[in-house]
Structures are given as structure tokens and as C-alpha cells.
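Let's start with one chain on its own, the form predicted alone, as C-alpha cells.
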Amino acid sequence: MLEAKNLMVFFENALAINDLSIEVKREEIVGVLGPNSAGKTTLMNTISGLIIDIKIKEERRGGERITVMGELWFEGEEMLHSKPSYRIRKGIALSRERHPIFPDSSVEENLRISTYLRKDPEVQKSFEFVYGIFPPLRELRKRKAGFCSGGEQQMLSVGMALMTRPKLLLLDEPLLGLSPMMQRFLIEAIRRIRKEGIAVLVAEQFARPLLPSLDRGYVIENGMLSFQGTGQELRDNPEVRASFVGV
């Protein structure tokens, strides 16, 4: 489904992603694990195309030069330099780190904003889909998003990505700052999303609650791949357990 080959991302002379290759197959949950500044967010931005917008903005203001190299294939189409909006139409959606939402708009309005690229008549079915994955959002639909808790905002952020009806959902640090109970709730939601036929690529630093749900995973450090394997191989690897499970 998704295949990234030999990705390299430079911020001026700093190498953020170094010859990284990963893949995601249909209906898999795949993890990208790594410490802070490992390159996880840069990888998610590169796959989603957000790096293209960041690059353009930097060029306009005379900021740092960003260079992206390698190959990115999605369902047989090379799209490393495609616009983010095109990737969304093709089925790639990103829920960014720290759940950015529109705080002055209601939960329902936030979800509707996410459908602006869609012209089909089945938007209402997307609402029912999201409310089925995250039942609390139905009860909160008239509340301003800025008055929601951190966990509720995280549900909303993921829900906004799901409103595009993606084939591949990218989650960047979805468990960050959440209570253990909310982490468990979100992980169960990720399993339900996979059962709906959506592949999930999730980047996380502290992976203890996530590891049992992974089909496969990649560990990256300083933008480079340091280990890859099945979910069981990740759980059994003592270095992975020490670094990302805390045992």
C-alpha cells in the first residue's frame, strides 16, 4: 500500500531523515518508535505531504532550505512531491501531534471543516462513522472544541482525519499527554479503525501501551532505521523494551 524508499530530508545542512525505508500493508497497524528528535514527525510530514507546505513557506520568508529526496509510493503511484491536498484525495490523512483543532468552532464544525475537499453526498455517513469510533464526540458535538479536555481534543483530531475517509491514517504522537485510561481508549479505537479496513501508521515515543497492538514496527534514531520487526519481535527485543517500554 505505502512504500517509502531511501527517504532523505535535509533542513539546510542538518539531516533529519537518513536513507529511511518503510512500508505499510493494507489493514496493518505499523509503529514508528523513537526518542525525541529522532525524525518521527518529519517522517509523518513527509508521507502526508505537509513537508511540501513547510518547504514553500520557508522559501517565501527566506528561511531554512528544505530538501526532500527518495521515493514515496502509495497504491502504485509515486507522490513524493505531490501536494498534501492531492494525497488526501488519494486516501492519506494525518492527525498531527498535540491535536491542533479550531478552538472557537464546535466539535461538529471542526469535523465538517475536514470535509472541504470532498464533493460526494455521503458526508453524513462520515459523521456516523466518526461518532461510531468515538461515541463521546456525539455528545460533545455542540461544544466549542477549545472547552474540550485534552483527551477529547485528541479524539476530535483523529476524527477530523477520519472524516476524509482515508485508506491510510497517520497518527503522530497520539498518546502524548493522555491519561492511562484515555490511552487505552484511543488504542482500542485504533483497533476498531483497522477493522474498518483502514491501515494505520502511528509514531510514538513511549510505546508500552501501543506495542501489543502493532503488526509491525520500525525503531528510528537520528533519522536512521535502527531496528524493524513484527510486533512480537519488538516486544521480545531487550533494547526496544528498555528504551520504549521502560523495563
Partner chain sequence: MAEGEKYRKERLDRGIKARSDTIYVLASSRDLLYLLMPRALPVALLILLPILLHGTYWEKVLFYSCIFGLLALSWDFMNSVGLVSLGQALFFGAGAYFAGALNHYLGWPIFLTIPAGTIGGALICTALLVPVVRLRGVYFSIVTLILPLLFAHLIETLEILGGTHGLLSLSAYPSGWIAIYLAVGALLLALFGFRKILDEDFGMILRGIRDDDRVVMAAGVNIYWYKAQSIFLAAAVGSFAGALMTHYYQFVGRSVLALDYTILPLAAVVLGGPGSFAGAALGSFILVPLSEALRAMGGLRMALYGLILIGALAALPEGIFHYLQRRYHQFERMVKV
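Treat the numbers as computed from the prediction; the structure is a model and nothing was measured. Positions refer to the first chain, counted from 1.
Beyond what is shown, the protein has a form predicted together with the partner chain; the following relates to that form.
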Does any heavy atom of Gly63 come within 4.5 Å of a heavy atom of the partner chain in the model of the complex? yes
Non-hydrogen atom contact Thr67 with the partner chain in the model of the complex at 4.5 angstroms: yes
With a 4.5 Å heavy atom cut-off, would you call Glu12 a contact of the partner chain in the model of the complex? yes
Options 24-32, 39-47, 53-61, 186-194; stretch whose heavy atom lies within 4.5 Å of the partner chain in the model of the complex: 53-61
